[in-house]
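To begin, one chain is listed below as structure tokens, in the form predicted alone.
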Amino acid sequence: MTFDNPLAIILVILIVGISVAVTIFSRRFTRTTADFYVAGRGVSAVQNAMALSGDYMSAATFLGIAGLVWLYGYDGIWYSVGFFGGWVLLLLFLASPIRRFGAYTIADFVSGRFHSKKLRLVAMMGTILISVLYIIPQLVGVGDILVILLGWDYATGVIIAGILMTIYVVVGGMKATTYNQIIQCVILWTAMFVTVFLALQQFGFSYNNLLTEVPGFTQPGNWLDFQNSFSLILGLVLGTAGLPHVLIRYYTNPSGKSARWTTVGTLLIIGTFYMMAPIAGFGSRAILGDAGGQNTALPLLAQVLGGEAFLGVVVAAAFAAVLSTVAGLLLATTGAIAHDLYTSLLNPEASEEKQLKVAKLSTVAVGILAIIVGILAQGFNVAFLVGLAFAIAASSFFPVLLIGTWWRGVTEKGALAGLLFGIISSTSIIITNIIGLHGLTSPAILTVPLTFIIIFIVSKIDGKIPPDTDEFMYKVHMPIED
């Protein structure tokens, strides 16, 4: 094993050391299930905005968007547009109602809305599927960057990252995850800003001058046709508003009002970040030419612009991105297994101590699974893989959450039919595309409208509206504390 950049190793170790220190500090605050899952619901709007941003600015965005723009040019920008657009929907329609309901997981929400164990079970399975699909590209990203830039074996990088993020979720829960994501948000945003600043400096700080150096990459069509572009954007925008690990962070806010301000702050942070990511991609194409890489264009650009020192910073930032995002995903998946399955369905009388033990064991199990699948997924573009998770979330959770929150006429059977159809249809289209049976890379253009239609039709036919629907609507839309 050879280490080509000692500074990068030092900075990665420093990031890990800070994360471990924060985790040890946070352990004293993780005594109950509420502490473990939602940090005692005491995270302020500013803290949560930074934590959400650190969670969301994953390896897929930090490495993947720049890599796709380097590879395909204009078509890669759709990922920036889609990743950002979903937050507007969250602000307008879901953030405040979800927090006002007050729960630990998305399965809690749909089960509480419709009083259905079947819905809880399906929501749990959907959460695990989406979260694992999202975890995979984070580990692929860290494996790729450590292989090329530090000389590590791919599997070694994936294993080390997987072990670290599992440890600090098990030990510190949501409180440690929140603090670490705040720190990692600052690191990621700063690293991207400095990279873009140095890149634009090479072209007189003129974006137009930069684009003139990449004439074959400034028009759409290098990768996706109109149908696939539209479907991709739809999946990314609606998928953001249906991602379990994003939505559960709203349960950490003290009120619905705080949840709304969290979204406003997140929009500001990630909005500027996603404006910079495509610039870094075009800068990579202009400066590196064909010497970039689909997951390594950004760090290689940093090496050219700032030398080994700045390369070390970007490598450390990428590592931080993986730890931050995977920790949030682990909590979502753990909540699905330990809370939704074990505590809510299998053993409702479990003690607080028993629930915490199961939650931590579930985290370890999911961490091991993520490492194995991450090793097997070597070679895929990280942004593309994340897009698949978004498409499933857009086709399943988003329609059920939106229509369940705003239409009193939806029934248990309607929500269950929509959730099942969304998960099965989107997953099937993704699999059949990967094996080459058709050319639709993102299923959202078909599955999202069909899911809404199915929910509406089945609900109308069923007609059995939950008896406490009016109470639910009042609780999530007109709370006294706001």
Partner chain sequence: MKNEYNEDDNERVKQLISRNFKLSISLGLIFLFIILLLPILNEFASDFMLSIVYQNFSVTLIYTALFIFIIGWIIPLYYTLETDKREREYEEES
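This one's a predicted model, so the numbers in the text were calculated from it and none came from an experiment. Residue numbers count along the first chain shown, from 1.
In what follows, reference is made to the form predicted in complex with its partner chain, a form of this protein that is not presented.
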item	value
Contact test in the predicted bound form: M275 vs its partner chain, heavy atoms, 4.5 Å	yes
Interface membership of Q219, its partner chain in the predicted bound form, 4.5 Å heavy atom rule	yes
Residue contact check: V237 to its partner chain in the predicted bound form, 4.5 Å heavy atom	yes
In the predicted bound form, N208 touching its partner chain (heavy atom, 4.5 Å)	yes
Contact stretch among 135-143, 365-373, 389-397, 256-264 - heavy atom within 4.5 Å of its partner chain in the predicted bound form	256-264
Contacting member of Y250, Y179, F114, F84, with respect to its partner chain in the predicted bound form [4.5 Å, heavy atom]	F84
Sole residue of T212, Q378, T156, Q202 within 4.5 Å of its partner chain in the predicted bound form, by heavy atom	T212
Any residue of 64-80 that, in the predicted bound form, places a heavy atom within 4.5 Å of its partner chain	Y74, I77, W78, S80
